[in-house]
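Quick heads-up: the structure tokens below are two forms of one chain, split into structure 1 and structure 2.
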Structure 1
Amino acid sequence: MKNTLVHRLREMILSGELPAGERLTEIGLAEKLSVSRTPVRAALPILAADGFLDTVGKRGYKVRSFDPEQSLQQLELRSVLEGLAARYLAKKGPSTGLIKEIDTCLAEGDAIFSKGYVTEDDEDAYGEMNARFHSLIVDNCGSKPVQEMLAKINNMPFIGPSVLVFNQIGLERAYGMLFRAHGHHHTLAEAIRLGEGDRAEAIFREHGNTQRESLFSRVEASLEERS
């Protein structure tokens, strides 16, 4: 129930059903969604950690406001910086231990896609693996400026690599999109092992499109309608 509720609340925030600035309470959400307060109480801190909510007082939350165009720009900037991190890591060469950790992430992703489809439960599993994969590259790139700038960007609403929302695009499209993205993981790992900095940078920049598709497909469509 907890994960399902997190997914549902993410969708409600992104669709505007829960508008920016709205105060959320355990009782109010439990009544609105016809669930008990326990899963709501567990879901709210997760949404806050992912940048969807701001804390208000000791136990209160409100929907965080964000500028869609700025969020898209921040995602683009994150992709550029992660591309640099991949270039630097490929240039200096990964340690044996790091390669093993990267291979573990690849194997976890392969297991998710081995059944030929994804479910809502896979959303968290892929998001956690994806965040760990990104962190392995960034944390070992040897560039403090890149690491510090990415730490700031990843704290912005909806920007961190663990945040995906399958409901925005549907499970069938999510499978194809994330299967392709996990292919980026494999080719990126290969480029880093081979010391191919240019290739690693290009792959990581392209990889950033995955989150943009997942989170902002509706946002981009509305921006195009207004232009």
Structure 2
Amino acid sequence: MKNTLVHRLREMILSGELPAGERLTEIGLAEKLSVSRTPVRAALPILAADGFLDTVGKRGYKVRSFDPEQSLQQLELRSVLEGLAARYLAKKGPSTGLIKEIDTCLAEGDAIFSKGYVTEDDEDAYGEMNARFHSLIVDNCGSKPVQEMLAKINNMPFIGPSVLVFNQIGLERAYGMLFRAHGHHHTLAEAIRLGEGDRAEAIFREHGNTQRESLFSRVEASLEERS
């Protein structure tokens, strides 16, 4: 993304500087950000389309309130779409180059878990690999509409890959969770190789439950933080 202003506003919303429910006027934001109305006018519809803002009547926007239930639904939606992508990929059959890249991801994960525990550094490495693995599936599924939808979902608040951080839940718990998720990666890769579309889709849907667990932890942590 190039537009720096939508990023600034995203951060302000996620950090709570712009609290949920707050009404946003072009003039007010322009003054607060020391720019003219024109760029904020360009940024607001984008943020609304990304799910950060709600339109209030036909006049202006307000910060969308954070709804944990809705975040879970977003997460599930992503799993469904990724499942569909996996089905497509299994159906058409992955290229040999793609299989190699997938195997690289699997090997990296195996290396991490072979120790029997995970460190904080491992989490970063796993997160990077995990994102790459998912991208491999989605980018090669052959359906641009699915890709674009997933890109939008990944831009939505609270569920993008970047927030799947595990450092708030304890390393022991993270180990089990990540290990299980990595197991899904293995079985998914197998299903794709074998051309088993139904199975690939089912695995990815179940895979989402792992992420859901992580989000629950995150919500709990953020709630404790505010008390």
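C-alpha atoms forming the largest set that superposes within 1.5 Å between two forms make up the rigid core. None of the values given here were measured: they were computed from a predicted structure. Residue numbering: sequential along structure 1, first residue numbered 1.
**OP:** Could you let me know which number goes with the form predicted in complex with a further copy of the same chain?
**Re:** Of the two forms shown, it is structure 2 that corresponds to the form predicted in complex with a further copy of the same chain, while structure 1 does not.
Original post:
Rigid-body rotation of the smaller part against the larger between structure 1 and structure 2, in degrees?
Top reply: Rotation of the smaller rigid body relative to the larger: 69 degrees.
Subject >> L29: CA movement between structure 1 and structure 2 [superposed on rigid core, Å] >> reply: A shift of 23.4 Å at the C-alpha.
Subject >> Rigid core fit between structure 1 and structure 2: Cα deviation of A20 in angstrom >> reply: Core-aligned C-alpha shift comes out at 7.3 Å.
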